[in-house]
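For reference, the chain that follows is the form predicted on its own, supplied as structure tokens.
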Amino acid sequence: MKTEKSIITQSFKNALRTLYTIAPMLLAVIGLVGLFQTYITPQMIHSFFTGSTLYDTLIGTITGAISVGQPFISYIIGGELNDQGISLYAITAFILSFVTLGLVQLPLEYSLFGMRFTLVRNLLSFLFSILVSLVTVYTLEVVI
């Protein structure tokens, strides 16, 4: 019969083994995050939007997918884009994809969950980011 201390010790060893396994991918993700934050500025993101509903929604989804950071940062960027006159479709799509998609995290997600799960999850997140942003803003326009 295992004692409580041996169970805790074994659990700690398992946690360290898992951390050792994913550490290279974690370091790679942190490095990519630094590169994206350095080379992709908010001005570059702003220059992509034209005012077309579908185009801006698609661009908002793509820029949100390649942007990285904590989810609360997407609200700050969304507020700044709103102040610059970017359409609400693009901002909503940007925030949704910023939170649900992560092209930078793909290698880590692939190593942890496998190719099929990663591909299906990201494809569905991409499609639903577009769909939900269109429906949300359309609903707001009808209500207001």
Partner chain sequence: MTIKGKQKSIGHIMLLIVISLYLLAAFLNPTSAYSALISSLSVLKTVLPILLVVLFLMTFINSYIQPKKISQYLGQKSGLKGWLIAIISGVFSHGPGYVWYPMLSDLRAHGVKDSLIIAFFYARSIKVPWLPMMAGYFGITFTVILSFYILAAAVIQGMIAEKLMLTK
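Numbering follows the first chain given and starts at 1. None of these values were measured; they are calculated from a predicted model.
As for the form predicted together with the partner chain, it is not shown, yet the points below apply to it.
- Proximity of residue 35 to the partner chain in the model of the complex falls within the 4.5 Å heavy atom cutoff.
- Shown alone here, residue 48 lies farther than 4.5 Å from the partner chain in the model of the complex, counting heavy atoms only.
- In the model of the complex, residue 70 approaches the partner chain with a heavy atom inside 4.5 Å.
- Although the partner is absent from this view, residue 59 stays clear of the partner chain in the model of the complex, with no non-hydrogen atom inside 4.5 angstroms.
- Shown here without the partner chain, the chain has 107, 108, 109, 110, 111, 112, 113, 116, 117, 120, 121, 124, 125, 128, 129, 132, 135, 136, 139, 140, 143 in 106-144 lying with a heavy atom within 4.5 Å of that partner in the model of the complex.
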